[in-house]
Ligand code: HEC
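Next up is one chain by itself, shown in structure tokens, the form predicted alone.
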Amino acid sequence: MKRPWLGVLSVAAPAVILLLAGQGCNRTMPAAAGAQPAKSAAWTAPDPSTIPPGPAGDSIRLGAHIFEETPKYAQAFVGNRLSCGDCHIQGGTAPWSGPMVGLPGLFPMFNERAKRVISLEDRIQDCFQRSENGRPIPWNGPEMIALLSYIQWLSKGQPAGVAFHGRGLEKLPDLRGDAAAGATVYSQQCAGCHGADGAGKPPILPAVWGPDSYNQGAGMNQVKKMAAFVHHNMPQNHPGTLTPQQAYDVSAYVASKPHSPFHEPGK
């Protein structure tokens, strides 16, 4: 099943309105009760008419395609069936789901996992190797340029160096997840979309464990990070209805399931 706006985006920029409004993409979910708007006071979604003609605009549109259908448009660099938009929802504009807006103005930055300052290109590479269970895309290749172009275009109007509202993931208290309790939460709240076997129905419903999902090195494989994502964004039809403890429990359950090993490049 294809996302309605993707087929149009390559030839008609106005379809991007649906992406940014969160209404034309199958990944879009209703706003949680009391959720903050998906933009800060200083930012509004860029006007699709600002996508330039020619190669520059083509690159932005390619970046949007890669973002939402990564295994199709960056096939050579993906080792599973996940796409960027599975975690960075609403085309990378939704708060508390790792939004892309404003990132070009925040990088380079220190990365705790890498213990060094990294560039935005480094961070994209990291996602391909971990969340996509794949390999690095060429630094100057069309895929990298397209993703950077798309993120830069999304960030129009966001002041450089100012974090976008809802940047990163929601802040939850430190809790201990109970995988056994999480099995019940998963069965009742998650299996309907992601399957009892965690395999989902890619590319629409992502796998949460197994060969089609992220590997052990992905941020989503960390219970605390997954709990923050789940609490704010899941379940898809009733986001924000799980308690923090339930989010931790179901995340512990998913983390207890098989995920492909992560192999550090060059090692």
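Everything numeric in this text was worked out from a predicted model, so none of it was measured. Don't overthink the numbering: it's just position in the shown sequence, from 1.
Another form exists, predicted in complex with the ligand; not displayed. Remarks below refer to it.
Margin query: Within 4.5 Å of the ligand in the predicted complex - does that hold for a heavy atom of every one of G85, F128 and P206?
Written below: Checked in the predicted complex: all three residues contact the ligand.
Check: Looking in the predicted complex, any heavy atom of W139 within 4.5 Å of the ligand?
Finding: No.
Notebook entry, point to check: So in the predicted complex, does H165 come within 4.5 Å of the ligand, heavy atom to heavy atom?
Noted result: The answer is no: H165 has no heavy atom within 4.5 Å of the ligand.
Next item on the list: Would you check, heavy atoms only and a 4.5 Å threshold, whether Q189 touches the ligand in the predicted complex?
Entry: Yes, Q189 lies within 4.5 Å of the ligand in the predicted complex.
Item checked: Close approach of A45 to the ligand in the predicted complex, 4.5 Å, heavy atom -> Outside the cut-off, so no.
Next item on the list: State the residue from R135, K72, K156, R123 whose non-hydrogen atoms include one within 4.5 Å of the ligand in the predicted complex.
Entry: Filtering the options by heavy-atom distance leaves R123.
Checklist line | Of L62, V223, L242, I51, the one that lies within 4.5 Å of the ligand in the predicted complex (heavy atoms) | finding: Only one listed residue qualifies here, and that residue is L242.
Notebook entry, point to check: Though the partner is not shown here, which residues of 208 to 231 have a heavy atom within 4.5 Å of the ligand in the predicted complex?
Noted result: Stretch hits, in order: V208, S213, Y214, G219, M220, K225, M226, F229, V230.
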